[in-house]
Every structure is written in C-alpha cells, then in structure tokens.
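There is one chain below, alone, in structure tokens, taken in the form predicted on its own.
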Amino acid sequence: GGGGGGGGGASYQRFPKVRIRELRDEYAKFELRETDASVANALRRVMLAEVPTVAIDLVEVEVNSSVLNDEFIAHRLGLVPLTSDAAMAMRFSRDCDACDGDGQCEYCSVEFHLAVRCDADQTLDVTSADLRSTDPKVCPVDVARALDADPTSYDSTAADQRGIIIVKLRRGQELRLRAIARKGIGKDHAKWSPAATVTFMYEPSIHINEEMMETLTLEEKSSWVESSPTKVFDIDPNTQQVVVIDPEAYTYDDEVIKKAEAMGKPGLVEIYPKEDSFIFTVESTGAIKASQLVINAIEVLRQKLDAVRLQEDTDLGELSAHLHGGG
C-alpha cells in the first residue's frame, strides 16, 4: 500500500474491490482488495461495535415468583437477539423528540410483553417464543426464523423451535413483565452487537523457488509438503512438482520456512502478506443478515467520515488560520 509523493494535490483515493465468496443469512466470506489495512480494520471494528441493532433495554417486572431474581431475568432478556432490519432507520431514544427521551414511542422503541404461569407438575420453560412483540418487524430472531421457514407448522412447543430459554418455572410459579426494546450500538453494551465474529486476514503471496525445489528428491519434497500444519502445498502426481493448492490455508506459522532451513535449503519458499488484499469472514447473531451487516457498517463508517469532514471545515479552518496566520 501507500506510496506517492505528498506533492501538489496528489490524490490518495483508492477504489476498493469486493469479491463475495460465500453468502448465507448468518455468514459471509468476501475478499476486499486494493485498499489499506486501516480501511479493513475500521470496517471490522464498526461491524463489531457501531452498527445499531434493537435489544431489550428496560424491563418492568409485575410478577416474578421464579427462582431467578428480577435483574437476572432482565439481563437475560437483554441478550436475546431481536430482528433489527429497521434499526438503521430508527432513532436513538436519547435523540428522539417525539417522546422526551423516555423511550416509549413508535420511532425509537418497541414494547414486549411476557406473561407465563406454570400450572402443570412438569417444569415449564419460558423461552423467547413467549415474548409478545407489539411490532411484527421486531421479534426474537429464532422465532422469526421458524416463522419464515414454515408459518403454518410453527409450534412454539416443538423441541427444535422452542426458542431461547429465559427461565424455568415450577408449578405455581409465574412471570409477568413488560419490556421496552431500544436501538443501541455494541460500544454501549455487547447485547447490541450484531456480529458474533468478524475476522480478516492478509492474503498470503507464496513464491516457490522452482530451481531449488528441483534439487530435492521426491521424499524430501513430500516431507517438506507434510511439514505444513495446514494443507497449503501438494505434489502434482504427474509432474511431481510441488504446487500451491490453497494459499489461504496458510496461517503464517513459518513451519515450511523452518523446515526448508533445517533441510539446508534456505530461500526454498518466500511467503509474505499482500498488504492490500484481505479475506473477511463475518458471522452475524441473526439480528441483521450478514450481507446487510457489511452494508450497514460501510454506511455508518461513511457517516462518521462525513462528520469529520464537516468538523474539518469549521474547526480546522480556524486552527490552521491560527497556525499559519500571525505565527
């Protein structure tokens, strides 16, 4: 990356390219090329901590005779992931003019109700499927997924679609509460983070010194290939040459380099990370689809950069006038 002199109006603008490898609702894998590590890092960190979602933030308990105390249940409710496709358009409760910031209006919050009582001798599981939402767009993700799969056969008591367990009740125990879900970001509390994991790695560039490789016997080649803990290299059965089959599997462990040196063949292989090529994996909690998570992250990052640009026009103008002016 980098390069170019700081001369008159030199442009550092780059045009990143994205190639999608794999895309499922909760998982995405893509390549990000022709951009800087700073951009990859910013994108990852925004996905983890600054893309907004909706989560339960206020719980008013009416009746709780379960074995768990109120705040324990409130904490568990907060961690239940809710479908958050509308989160980007919602307001933060603190910025909401419609409701004096107490967070109880259609623009910035969603109300949930939960009322369960156990009347049988069998232990009753209270799950996320028992949460009744006032807004069909926002509901626990596992419930939404089961409804999407087959709305007709949805049965909250079936073992595979039971939902996330909140608490278990014995005979005569009861739990009644109302909860308010609000928009928030992972920076404020992990319950608002839409990402389970986001990773990126530099794509490795692997160069085999072919002349030196040809001086090895087949056994030596084979033992060198085997020295890599992950399957990066293989031997072509026809030409008996060592070939790179999966550069991405390389974990920067230097094992093959150590092996080459141990065999008395330093410089047999050269491996260095490509400074402007990244492989991202994104796993979502289900609050937002993985693809949407990436798009929202780019949007949030853009808003942040726009804010900096606006600041620059005002504050930094004055600052540079101070510095260059009567200095």
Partner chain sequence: MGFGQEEDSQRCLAAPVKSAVDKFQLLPAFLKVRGLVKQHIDSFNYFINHEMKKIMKANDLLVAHHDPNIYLRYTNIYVESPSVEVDRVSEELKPHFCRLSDRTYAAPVKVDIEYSKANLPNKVEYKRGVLIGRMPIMLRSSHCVLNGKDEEQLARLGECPLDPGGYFIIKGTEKVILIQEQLSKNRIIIDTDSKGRVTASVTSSTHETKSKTVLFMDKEKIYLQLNQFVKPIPILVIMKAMGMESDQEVVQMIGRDPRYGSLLLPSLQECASERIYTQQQALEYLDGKVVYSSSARTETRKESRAKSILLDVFLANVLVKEGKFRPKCIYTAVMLRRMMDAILNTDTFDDKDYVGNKRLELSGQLVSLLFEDLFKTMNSQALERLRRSYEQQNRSSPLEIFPYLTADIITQGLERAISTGNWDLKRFKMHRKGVSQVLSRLSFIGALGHMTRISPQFEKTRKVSGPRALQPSQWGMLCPCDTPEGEACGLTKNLALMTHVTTDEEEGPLVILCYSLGVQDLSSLSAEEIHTPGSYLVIFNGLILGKHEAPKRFANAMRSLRRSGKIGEFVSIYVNDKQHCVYVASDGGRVCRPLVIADKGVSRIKEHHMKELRDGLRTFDDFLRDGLVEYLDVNEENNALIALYEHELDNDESGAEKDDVKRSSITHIEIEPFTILGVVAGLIPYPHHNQSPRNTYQCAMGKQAMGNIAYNQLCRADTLLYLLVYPQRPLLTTKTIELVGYDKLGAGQNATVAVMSYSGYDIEDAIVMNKASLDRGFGRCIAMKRYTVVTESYGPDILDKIVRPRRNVDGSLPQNMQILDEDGLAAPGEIIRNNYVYVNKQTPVDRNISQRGDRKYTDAPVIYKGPEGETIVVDRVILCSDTNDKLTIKFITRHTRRPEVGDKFSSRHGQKGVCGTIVRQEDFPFSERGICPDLIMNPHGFPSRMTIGKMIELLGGKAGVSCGRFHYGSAFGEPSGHADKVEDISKTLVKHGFSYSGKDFLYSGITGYPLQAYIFMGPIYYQKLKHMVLDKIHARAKGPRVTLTRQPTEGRIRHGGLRLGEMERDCLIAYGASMLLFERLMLSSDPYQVQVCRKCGLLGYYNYKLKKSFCSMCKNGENIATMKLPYACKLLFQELQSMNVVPRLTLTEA
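What you are looking at is a predicted structure, and each value in this text was computed from that prediction instead of being measured. Numbering follows the first chain given and starts at 1.
The form predicted in complex with the partner chain is left out here; the points below concern that form.
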**Asked** Just one of His75, His113, Arg91, Arg117 has a heavy atom within 4.5 angstroms of the partner chain in the predicted complex, so which one?
**Response** His75
**Request:** Go through Glu106, Asp188, Glu174, Asp246 and name the one with a heavy atom inside 4.5 Å of the partner chain in the predicted complex.
**Result:** Asp188
**Request:** Tell me, yes or no, whether Trp224 is in contact with the partner chain in the predicted complex, where a contact means a heavy atom of each within 4.5 Å.
**Result:** no
**Message:** With a cut-off of 4.5 Å between heavy atoms, is Phe200 one of the residues that contacts the partner chain in the predicted complex?
**Reply:** yes
**Prompt:** With the partner left out of view, is Arg45 within 4.5 angstroms of the partner chain in the predicted complex by any non-hydrogen atom?
**Reply:** yes
**Request:** Indicate whether the partner chain has at least one heavy atom within 4.5 Å of a heavy atom of Thr230 in the predicted complex.
**Result:** yes
**Request:** Have a look at 215-223, 175-183, 91-99, 249-257 and name the one stretch with heavy atoms inside 4.5 Å of the partner chain in the predicted complex.
**Result:** 249-257
**Prompt:** Counting only heavy atoms, which residues in 57-75 are within 4.5 Å of the partner chain in the predicted complex?
**Reply:** Val67, Asn69, Asp70, Glu71, Phe72, His75
